[in-house]
Each structure stands twice: as structure tokens, then as C-alpha cells.
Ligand code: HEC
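Single chain ahead, written as C-alpha cells, the form predicted alone.
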């Protein structure tokens, strides 16, 4: 009997230690989560009407789930305790050590056996059915609200294109997504505050999923199809988003930001983005870097007014922008191979799928429109990315998925290239 009790005690001690480790791990995870940067993936602090709609549905459903959880778990614990087998006491009464396999409990230890209880069975069938029906009705109402588009036909619309492993945003200022975009950016979508912006979400290669949790739920990006969605923010700021559908090697590093500006700031941003870059002449600051760029980068990257990716003898511009360097359908390109449009790279705050800051400390205290002028360039990460991108972010450059390495560029050429990129404002 003593031996059996010792084993049981040791087993109990191991269980307690394991539970303690689990609780400590959970506590550490919560603390680490609380140390996120100023733009966390936070679904509980909505910053737009669509996220508010999701939040208003989430908490009541969570409350119901918690009540059901405690009712079910409470019943299980009660039954386990109330009708637990007292083997040690039964063994003592029988004069054994508790290790034998004989029946030591006696008939009186078992609860009364009952076959069926109509009232209980009806209750635990009808009550959950009613509960789930009510939740389903409110869920459907929320889904209808989330898909409502209040924007006018000629208002801003953005085509969101997922690609391994970054996001492209094509702006149609007149709302016509069947024509070439007016502006193209990568990884950072800039919108005006308080205005609903309809989105058309698609992909060039595999299935992705676009998600900015503080502004709306996720929407899949599927090659060959476009899925409508909307986004709107109640206050200016920068809201982090991610790809929410596993899409390969660097899925975890396929991020994006939605930058929300006041209407006046957004108008100013649009005005600047509509201006093409001007080819530099010998003697201009950045000219040597432009030559390095044209010789090594212009096969993939577009700089409107400077590059000629499709080799038609005319500098690239929005009028003939096809989105994938070869397919005329800008919304349903099916092959990888496109690279971020760099016309106004220096006006953004991140690069490489938004995993690196373009400026030190992400210019947190500098207005978005002033980062190119006042921000301190993150030269170390930018140069390392140019030299060997696959080393900084896993990709499949040989399969036209991700940026290739440039081991042949000298330090001087990379310095010159970085200087040129800083002129792209």
C-alpha cells in the first residue's frame, strides 16, 4: 500500500510541475505579446467601422462561449469528483495493497445506472440549437454589413495584389479598375481618414490572404480571381497587416502597412506620387547609381519615367503598366516575376515586404510625408538587402519568387545605388 501511494504521489508531483511550466510559459507569452511595437496585430482595439462591427460580434459570442465552457467543465469536474473511485479506501477495507486487479470498490460505489432522460436530452438538444441559431443570425447580419459599399462609383478604389512575398497596391483615383492604375506602391497602402476605400484583392502566384486586423477582417487573394473588400479608418495612423494564408518560405515575412492620412495630407501625397521620376544626367547627384540601377535592377523593377521594362523604347509609366511585366491584365496576372515599383521608394518607411525599416526607428516621430526629408536612412539593412536578399529573407529567386543576390556589385557600386534610391521621392 505504501508503494502504491508513493507512485501516486510522484505522478501527482510530475503533473503539478508540468502544469506549472505550462502556466509560466503562458505568462511569458502574454508578457512578450504586451511588448509589441506601436503597430501590433491587435484585433481588440478597432480603428475603423468594419473592425468595430467584428468587435461588436466577437465579445458577445466570446461571453456565451465562456459561459458554456464553465457550465460544461463544471459538470465534468463535478461528476469526476462526485463519482470518483476511492481505491485506497476500498483496498484498506479489503486488506490488500491496492495493486491487485480485483474489483475492490463494491456495488455501493457505483452511481445508479439510468438509461435515458427525456427532459435532459431535449434540453441539451434544444438549448444549443437555439443558441447557435441566434449566433448565426447575428453573424450573418455582421457579414452583410462588412460587405456593404457606400463609396461612389468614381471614388478611389485600390487593387491589392499578393505575390510571394510582398504586397502591391494599384490606385484607381477615378474608381475604374479596368484601366491602368494612376499610382502603384508596394507594401504600404495610403488612404484618407474617414473614407471607405473599396478593394479588389487578387494574387499573381499562390493563394494569399490580406488582413489588417485593426481595420477589417481578412480576405483571400486568389490567382485568376478578384475578391471585393473594403477598408476604412476613423483616425490617422499606421496599421500593420500580414498575409493570413500560408504561402511558402517567407509567409511570416509578408507584411504590409495601411497608412491613414488626413484628407489634406492624402491629397498632397497623391500629387507627389503622380509625378514620374526624371532621368538623371551626368554630374547630377545619384547619376552613377542610376547607371548601376539600369544595368542590374531595371529588368524587374519599374521607375516611371526612367526604366523601360517592356523594351518598347518608351520610359515606363502608368499608361502601359501591366503589373507583371508581360500580361496585359493587371488584375489577374498569374505568373510570378513582377518586382515592386520603386518610383517613389524613398517616400515609404519599409521595404522587403515591410520586414525592414527604410529609416532608422521607422521615423516614428516624423510625419509620414516628411520621412524622405527628415528620416535617417537605414543604410545597413538596405545595402545588405541589395547585396544578398535571399540571405536576409528566404525566397526562391531562381524560380522568379523573390529578389536575387548581386555578389558581383562592389561596395562602391552598392553605395552609389543606395544614393540613387534616396532620390526616388
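Numbering follows the first chain given and starts at 1. Quantities reported herein were computed from a predicted structural model and do not represent experimental measurements. So that the term is clear: the rigid core is the largest set of C-alpha atoms that superpose within 1.5 Å between two forms.
Below: the form predicted in complex with this ligand, not depicted.
Shown alone, this chain has one stretch from 160-168, 256-264, 133-141, 212-220 that lies within 4.5 Å of this ligand in the predicted complex by heavy atoms: 160-168. In the predicted complex, none of the heavy atoms of residue 192 sits within 4.5 Å of a heavy atom of this ligand. In the predicted complex, at least one heavy atom of residue 299 sits within 4.5 Å of a heavy atom of this ligand. Although the partner is absent here, residue 377 sits far enough away that none of its heavy atoms falls within 4.5 Å of this ligand in the predicted complex.
Proximity of residue 293 to this ligand in the predicted complex falls within the 4.5 Å heavy atom cutoff. Note on the partner interface in the predicted complex: the residue among 303, 186, 231, 243 having a heavy atom within 4.5 angstroms of this ligand is 186. Of the residues given (352, 199, 156, 247), 352 alone sits with a heavy atom within 4.5 Å of this ligand in the predicted complex. Contact annotation for 372-402: residues with any non-hydrogen atom within 4.5 angstroms of this ligand in the predicted complex are 382, 385, 386, 393, 402, listed in sequence order.
Once the rigid core is used as the reference frame, the Cα position of residue 373 differs between this form and the one not shown by less than 2 Å.
After superposition on the rigid core, the Cα atom of residue 391 is displaced by less than 2 Å between this form and the one not shown.
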